[in-house]
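Below you will find one chain, with nothing else, as structure tokens; this is the form predicted alone, and questions on how it binds or moves follow later.
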Amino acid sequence: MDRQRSATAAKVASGFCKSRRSRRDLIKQAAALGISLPMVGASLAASRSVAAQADGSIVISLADEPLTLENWNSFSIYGHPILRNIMEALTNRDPATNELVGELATSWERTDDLTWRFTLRPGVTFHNGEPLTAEVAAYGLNYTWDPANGFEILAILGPELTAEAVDDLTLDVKTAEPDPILPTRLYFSPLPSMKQLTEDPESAVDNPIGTGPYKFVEWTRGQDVKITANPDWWGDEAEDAGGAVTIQDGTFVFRTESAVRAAQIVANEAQATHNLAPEDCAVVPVCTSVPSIETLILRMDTMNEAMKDIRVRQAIAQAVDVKAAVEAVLPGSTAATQIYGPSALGYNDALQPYPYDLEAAKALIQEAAADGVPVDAPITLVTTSSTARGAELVQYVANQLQQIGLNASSKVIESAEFRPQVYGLGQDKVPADRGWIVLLQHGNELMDASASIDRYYSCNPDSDSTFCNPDIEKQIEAARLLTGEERDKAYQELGALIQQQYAIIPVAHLVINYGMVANLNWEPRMDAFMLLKEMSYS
């Protein structure tokens, strides 16, 4: 083969590493160029050998600092930007197609209604040298999903699960009831080190040990988290890993204000950031706006003495002009009708936003007051300081509620104070006199309506739900067991039913604005993971 074709083969192989395209696409390119697969494979190996010698560094500016670096926190928007670089799960998603793919598992199958069997990747070790075995994986899953531990990740759990080793690299995960989407659910559940959790469990809070492409270095609370490339990462030599690591060191810093994060990019003090407000997106060297699985929602404390009355909740929903608010404050986003977007199975495209009607809302409040409902009870619109344009939105809603006769105000609180009062409380743990309407950014990474409905409309006290309706709960339980078109139809029907409960006002399906320096090669993912292994410099 001549020198020109040899160089072309090397370019194809290099393209595979950088763009994370599938091996199938690589083979097609090779065939089109008249290049044999063995040559592509050889060029790919050479490319990996060069790329594996990572160098340079990157600073990523995040809107929030996590409260903990324990493995279970990787399900949250506060945890996964850091933890998913250090830790890996049985499954992940293809960054281009968003399809579920293997990570620490190479394959999986459903062996009966209650059992999923996973085959683990051989030759994987944790950063402390501990080999990944089915026993270690089972321990990690049982620890993460144990109701007795009460981790916030339980909010997205379906039926309770238990994991057990079949042999060294074969793992069975059994559920109390059938769970058709278990492999997708476990995408949120990176595996911790069994050795660490059995010998020094307290260290897991601020010294995460995983199998990932980056190793934890240090966490200076209030300042930054540092990581460095893992020289023993299995993915540097695996064809299905999506390419070798090219950036040696990563630092995550925390700046709540969008404008401050944008200024860091402009000054090259940071090379990437997320959740930029539209006006800040315009000033950075590169801004990429990505349709996301994130939805802004207004969640009501329905146990509150005023908001427990459905007429009050309906009036609140009708007092908010969702379409106008989105156009004015969140350009590029779309008004939401459900708390999950069109990417989720079970999305009902026949639903419309709540109608904006101030006069009808006033009449409902007056009717409730005449029946003795204490409509003068304080209601507080609450958001966190890191939610882009959140302060403007809660102030707008509070003003609207005042116009219909409610005693409403708004406040913005820091994330560290916000999270413990919002997540993992359930309706049984929220004080009845609190009266919050919380502006939340909810992500449906499962891309299945069950993840959102179980979390925000379930009677489960370990969920993030402040709503419980026993009749609706029965339909939720039935829908969880279905698959395919039946599942899609059942969740569409549930979407229409819960819309009429007015427990949550869907506001906007968000685009996420990522800012970056001009020489950073990176395509943001729909699931919002910020994986350094998918980044490189030109």
Partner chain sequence: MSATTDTTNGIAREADREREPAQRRRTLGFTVYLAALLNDKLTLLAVVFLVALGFAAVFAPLAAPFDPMAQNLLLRNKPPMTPAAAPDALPHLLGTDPLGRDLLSRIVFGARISLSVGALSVIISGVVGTVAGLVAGYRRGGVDDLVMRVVDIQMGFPSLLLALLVLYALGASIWNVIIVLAVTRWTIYARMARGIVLAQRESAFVEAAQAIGCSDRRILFIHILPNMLAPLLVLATLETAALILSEASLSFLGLGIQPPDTSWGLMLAEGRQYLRVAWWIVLFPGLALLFTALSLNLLATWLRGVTDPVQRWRYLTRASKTLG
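Remember, predicted model here, so these are calculated numbers, not experimental data. Positions refer to the first chain, counted from 1.
The form predicted in complex with its partner chain is left out here; the points below concern that form.
- The stretch among 386-394, 92-100, 239-247, 360-368 whose residues place heavy atoms within 4.5 Å of its partner chain in the predicted bound form is 386-394.
- Although the partner is absent from this view, Asn399 contacts its partner chain in the predicted bound form, with a non-hydrogen atom inside 4.5 angstroms.
- Proximity of Glu218 to its partner chain in the predicted bound form falls outside the 4.5 Å heavy atom cutoff.
- Among heavy atoms of Val290, none comes within 4.5 Å of its partner chain in the predicted bound form.
- Its partner chain in the predicted bound form comes within 4.5 Å of a heavy atom belonging to Ser410.
- Contact with its partner chain in the predicted bound form, defined as a heavy atom within 4.5 Å, is made by all three of Asp280, Ala325 and Glu417.
- This chain is displayed alone, yet in the predicted bound form one of Ala350, Ala432, Val166, Ala259 has a heavy atom within 4.5 Å of its partner chain; that residue is Ala259.
- This chain lacks the partner; the member of Ile181, Cys468, Met303, Ala263 within 4.5 angstroms of its partner chain in the predicted bound form by a non-hydrogen atom is Ala263.
- In this stretch, 212-234, not one residue has a heavy atom within 4.5 Å of its partner chain in the predicted bound form; the partner itself is omitted from this view.
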